[in-house]
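Form predicted on its own, single chain, as structure tokens, below.
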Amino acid sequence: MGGVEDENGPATKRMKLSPGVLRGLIDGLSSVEFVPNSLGDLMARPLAIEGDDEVVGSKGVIRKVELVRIITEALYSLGYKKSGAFLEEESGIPLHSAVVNKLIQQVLDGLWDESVATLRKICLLDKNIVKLASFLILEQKFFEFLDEDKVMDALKTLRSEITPLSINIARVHELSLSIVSPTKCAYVGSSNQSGTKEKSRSMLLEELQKLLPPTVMIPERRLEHLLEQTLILQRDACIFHNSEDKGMSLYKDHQCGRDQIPCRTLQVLQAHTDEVWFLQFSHNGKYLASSSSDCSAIIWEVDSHGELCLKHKLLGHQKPVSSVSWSPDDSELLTCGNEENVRRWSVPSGECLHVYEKAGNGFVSCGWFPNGKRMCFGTNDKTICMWDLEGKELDCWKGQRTLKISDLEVTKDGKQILSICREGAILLLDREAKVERFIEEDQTITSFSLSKDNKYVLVNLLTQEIHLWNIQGEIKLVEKYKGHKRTRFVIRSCLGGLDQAFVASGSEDSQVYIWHRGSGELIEALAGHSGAVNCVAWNPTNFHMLASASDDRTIRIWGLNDAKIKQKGPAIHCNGVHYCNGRA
């Protein structure tokens, strides 16, 4: 690249960035050196081009000048330097003005004083940007002096040029440390030890590009960004999009069909002898745990063909099993008896590893902390407790922290515990900061679930509505979902599918309901059960697998319409009797 010092020279001390990120910028900026008779005259022009207001496109919102400049930048970034230069020449629209082109070449050549002087000639209304850009240029000058062991020159640059800018004082102190202690140099900015001056100066140009207004320097790979944004917006607007493999093309607008939504019964699991109350897939999607009013829990294994088979039936509870919870590594499972004890099981062997009991109290909910060494239990005296694996109670939050029938969640960082604390409120307890926040509803809350990214809480209400709350920062209601039936019993819902873009819920009318999370639009009502559907669970790794648990004593596994069903005897038939909370 013209004017750059020897590539084998000492490394300059700047933050290391991916070379690929910058290649397009430098190809474009340095094309004047490589392509003869292309840009010399054009780059001397200002960017006040005749016809600046000319628009293209049927909507009349795209300025021709902007479009041409963005296409030119894209050609350079893709390595088509001759094509980019030819487009500039033929269109008469330069990528950069003469003064910006001069600044770019001076930076590449290491002419720091001239670069700062040229920078001030660019008509920038925000003088703070001029200062910040000057700081970056002089910082590069400082580091190159240090690389060349010109300590006094570096010190002079710091004292007489960088410090008088009176900005970024903390960074100035860091730079001074790099003079006093060479070992501090890597910490301050010398992460590019194996780089060359050319690369380091290229990185400086990228930083300047981010800082200067886009009308002065087109943002890196702007066309790619716009096209990606278009595809993402189309994908997000597609209410059926549910596959990473679903190809998206620039040749046509994106639209999926209903064939991406699990809507066909592939299996009916019939190992429980009473109502099935709760379901949860393991984090790795290889197992499904179910619990029932028959006082048992079952671990089902998902084989390589996506078929579920019974792995262990877990017996020992004397009361109905109200919920289950997988350990972070999926090697163990907690089962919670209804106002009874909590049991911890080995997933590989099915052995009961420990029984947790509290004198005078029964447990109503359970969950794991992210380290897998501590657990969280809700008790029927409205208390939340933290226990270790050996059965020692480590902490306790008393008061109105939970209800008799309650869900409980622990965030992935282990800092927050979520529990229904009143009929119309969910407690978000920050156990480290000792801060309590609340999701407040006007109606009675029957259940809730936490999204995989811990950003959202899905709340089921007595009024046959499901509400989605954003709990990041200020707690706010995001969306409402309607259509399912709930009059008497606890019905649970979940988020699932690709990027958890869907909401699924059970219903007392024996159907499974599916909504698009973003729009709230109801897209499926799945019939098949012969009793109230109490709980649903979406496989976190197979976006086309959904499970539902019902009062008809069965679990249904739902898949795509075109999925192959491997029938084993009567496995895909319902019981033939309609059940509702145990009554035929």
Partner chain sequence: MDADPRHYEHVLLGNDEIHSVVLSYLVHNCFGETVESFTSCTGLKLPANCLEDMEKRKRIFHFAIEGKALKAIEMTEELSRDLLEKNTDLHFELLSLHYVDLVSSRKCTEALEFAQSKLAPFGKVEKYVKKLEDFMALLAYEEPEKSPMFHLLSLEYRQHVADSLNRAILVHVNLSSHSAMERLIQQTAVVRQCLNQEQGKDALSSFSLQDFLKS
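These numbers were taken from a predicted model, which means no experiment stands behind them. Residue numbers count along the first chain shown, from 1.
What follows is about the form predicted in complex with its partner chain, which we do not show.
Comparing 356 to 364, 448 to 456, 146 to 154, 329 to 337 against its partner chain in the predicted complex, the single stretch with non-hydrogen atoms within 4.5 angstroms of it is 146 to 154. Its partner chain is not drawn, but in the predicted complex it has a heavy atom within 4.5 Å of residue 172. Its partner chain in the predicted complex is not approached by residue 314, whose heavy atoms all lie more than 4.5 angstroms from it. Interface membership of residue 87, defined by any non-hydrogen atom within 4.5 Å of its partner chain in the predicted complex, is ruled out. Of the heavy atoms in residue 160, some are within 4.5 Å of its partner chain in the predicted complex. The partner is absent here; in the predicted complex, the one residue of 211, 130, 179, 117 having a heavy atom within 4.5 Å of its partner chain is 179.
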